[in-house]
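Heads up, the chain below is alone and in the form predicted on its own; it's given as structure tokens.
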Amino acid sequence: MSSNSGNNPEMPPMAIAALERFGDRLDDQQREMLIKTAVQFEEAAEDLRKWELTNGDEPDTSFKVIEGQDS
């Protein structure tokens, strides 16, 4: 592990891999944003994993834009 990724066992593997690969190109603010975003992705993935589906559940095929909101 490079010095850019630190030794934080709570850091998502996605952040560790990105920091090891690209950390030397990022400033402190960009590293912080990368870690924050990776944590948010990890939390969202955990929420999705908790959602129980049955074999008959079909994918949601509709998409509706919510106007006036930034992501």
Partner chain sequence: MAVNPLLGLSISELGAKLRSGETSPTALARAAIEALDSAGRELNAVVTVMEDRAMGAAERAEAELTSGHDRGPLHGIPWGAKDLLAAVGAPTTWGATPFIDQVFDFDATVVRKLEQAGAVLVAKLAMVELAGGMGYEELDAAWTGPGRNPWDHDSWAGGSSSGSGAAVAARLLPFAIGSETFGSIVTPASYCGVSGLRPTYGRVSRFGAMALSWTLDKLGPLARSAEDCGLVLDAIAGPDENDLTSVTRTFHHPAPDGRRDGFRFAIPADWKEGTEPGIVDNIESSLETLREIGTVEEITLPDIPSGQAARIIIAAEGASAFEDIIEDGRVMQLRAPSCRVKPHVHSMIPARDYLRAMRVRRFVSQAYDRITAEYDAIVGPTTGNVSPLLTRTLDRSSRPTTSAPIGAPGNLAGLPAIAVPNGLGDRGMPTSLQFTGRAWTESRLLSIASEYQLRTEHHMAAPSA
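It should be emphasised that the depicted structure is a prediction, and the values quoted were computed from it without experimental measurement. Numbering follows the first chain given and starts at 1. Between two forms, the rigid core is the largest collection of C-alphas that superpose within 1.5 Å.
From this point on, the text means the form predicted in complex with its partner chain, which you will not see here.
Peer 1: Is there a heavy atom of M11 lying 4.5 Å or less from a heavy atom of its partner chain in the predicted complex?
Peer 2: Outside the cut-off, so no.
Peer 1: Can you name the residues of 17 to 35 that have a heavy atom within 4.5 Å of its partner chain in the predicted complex?
Peer 2: Stretch hits, in order: A17, A18, R21, F22, R25, L26, Q30, M33, L34.
Peer 1: Is it true that A17 shifts between this form and the one not shown by 2 Å or more at the Cα, once the core is aligned?
Peer 2: It does not, since the A17 C-alpha is displaced less than 2 Å between this form and the one not shown after the core fit.
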